[in-house]
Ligand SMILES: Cc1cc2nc3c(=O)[nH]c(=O)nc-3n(C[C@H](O)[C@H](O)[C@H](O)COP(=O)(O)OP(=O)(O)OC[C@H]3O[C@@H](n4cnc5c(N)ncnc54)[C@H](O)[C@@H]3O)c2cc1C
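Just one chain follows, in the form predicted on its own, and it is written as structure tokens.
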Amino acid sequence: MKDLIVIGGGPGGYVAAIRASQLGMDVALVEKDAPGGTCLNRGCIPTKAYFQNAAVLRTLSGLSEFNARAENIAFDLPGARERKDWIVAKLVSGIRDLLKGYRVEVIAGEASLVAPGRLLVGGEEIVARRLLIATGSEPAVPPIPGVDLPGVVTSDALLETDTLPERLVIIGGGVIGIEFACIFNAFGSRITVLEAMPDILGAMDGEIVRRMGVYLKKQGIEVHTGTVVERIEREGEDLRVTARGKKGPVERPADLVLLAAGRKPFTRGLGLEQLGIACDDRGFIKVDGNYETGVPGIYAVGDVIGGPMLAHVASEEGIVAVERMAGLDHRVNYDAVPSCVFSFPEIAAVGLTQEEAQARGIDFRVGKFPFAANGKALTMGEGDGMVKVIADADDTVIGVHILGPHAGDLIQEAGVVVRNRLKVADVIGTIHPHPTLGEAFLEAVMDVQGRSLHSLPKARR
């Protein structure tokens, strides 16, 4: 009998399995596909591989700024796909080696729950003291007439295409939609984004979103918010998307239509109902503070339980779940979860947005600093964007929002600051090397107190 069987080998499942092994448990992991889950095989890593292709193309298109010239620049999408697949295969192999090294038994197949501590995989029953569900999520397909037409695809299929669409219409202006919009715009596609909500990137700080809208427009990306798609039709070789927006109907022809309207939990075939495992009205599994379901001995983490549907959150939940099984007191700090959007420019955030601070009735102050005044950003030719810092009345940093170059890397320091509830003085007293992008974070923190040395005094702005 195993101590723990993990169902799903994504970032929540395989990390939980490794941590459980470190804690002395005898562990098995059931995975129907390659380890790494959506994140590695069809999400985070493939899109970041394409993001880097897009970044290089943007650099080449702006060579004149660096007094350089290149002729006959061309982009090879099939070649980029091969590179992406090579990166994924290398990382999948690495995870297999890790699981082997930690003596985690990997069982190939689909699992279905029979009873607490018992499941079937390929007709064979496996028994364990505890089960951990980490089956993740899958693209949600909105109920729009025409979504089943050829050429209407999810992000999974778009990552496998070898033909660059001349016109790409994206339904959904969340993280997935905006990342693909920026990537395929750099590849050479003409992009239209249709978002039903009043704003794109709805969970992000409002000021950051408004600025991002300006940068998307500068890139030639057409964005319609408050716009509901009514139908998709085939007209000869073209697709036509019909929507209704704030100013009336919107119609756009397309070679491909990307459905990027969110994700839903993947629980098909698990047999949750038979065991009485409760889900909410959206299908997410309900768990308690130990990540245990209503059925003793059965746990769940990651996208399948909702909350922040991020790979790094799934990993942290997996770690915490098995540590609490082992009697350790570890909890996830959901107020300090960093998030990133790999767009042009990048966006990253941790902690509360200004809107969230206002909704909670927190007395706060804001500090800002533009990358246009940061020496390193200007040498890189990436002066767009800003750092925004939110601190409460006690000068505790409660939120950081970055729009600009390498935002996803810069947010690491901010994450430590927010998680540990450090104060403005703690950051100001930390010397930041020059010239670096990180100085923009320091200056924004200083600006909370009106002390930014490279901004005009607030009263004179």
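In this text, residue numbers run from 1 along the sequence as written. The shown structure was predicted, so the numbers you read here are calculated from the model rather than taken from an experiment.
Below: the form predicted in complex with the ligand, not depicted.
Colleague: At the 4.5 Å heavy atom threshold, is R96 in contact with the ligand in the predicted complex?
Modeller: Heavy-atom contact with the ligand at 4.5 Å: absent for R96.
Colleague: With the partner left out here, check for me: in the predicted complex, does some heavy atom of E110 sit within 4.5 Å of the ligand?
Modeller: Output for E110 is yes: heavy atoms within 4.5 Å of the ligand.
Colleague: Taking the ligand as it sits in the predicted complex, is H432 near enough to touch it, meaning that at least one heavy atom pair lies within 4.5 angstroms?
Modeller: Because no heavy atom of H432 falls inside 4.5 Å of the ligand in the predicted complex, the answer is no.
Colleague: So in the predicted complex, does any heavy atom of F180 sit within 4.5 Å of the ligand?
Modeller: Yes, contact at 4.5 Å.
Colleague: Based on heavy atom distances of 4.5 Å or less, which listed stretch (188-196, 228-236, 372-380, 264-272) is in contact with the ligand in the predicted complex?
Modeller: Only one stretch passes the 4.5 Å heavy-atom test: 264-272.
Colleague: Quick one: of V424, I411, A54, V30, which gets a non-hydrogen atom within 4.5 angstroms of the ligand in the predicted complex?
Modeller: Going through each option in turn, the one that passes is V30.
Colleague: From the list G136, G318, G173, G367, which entry has a heavy atom within 4.5 Å of the ligand in the predicted complex?
Modeller: Only one listed residue qualifies here, and that residue is G136.
Colleague: Hey, with the ligand in the predicted complex, do I200, A203 and E346 all fall inside the 4.5 Å heavy atom range?
Modeller: Checking in the predicted complex: none of I200, A203 and E346 is within 4.5 Å of the ligand.
Colleague: Can you name the residues of 38-58 that have a heavy atom within 4.5 Å of the ligand in the predicted complex?
Modeller: Result: T38, C39, R42, G43, C44, T47, K48.
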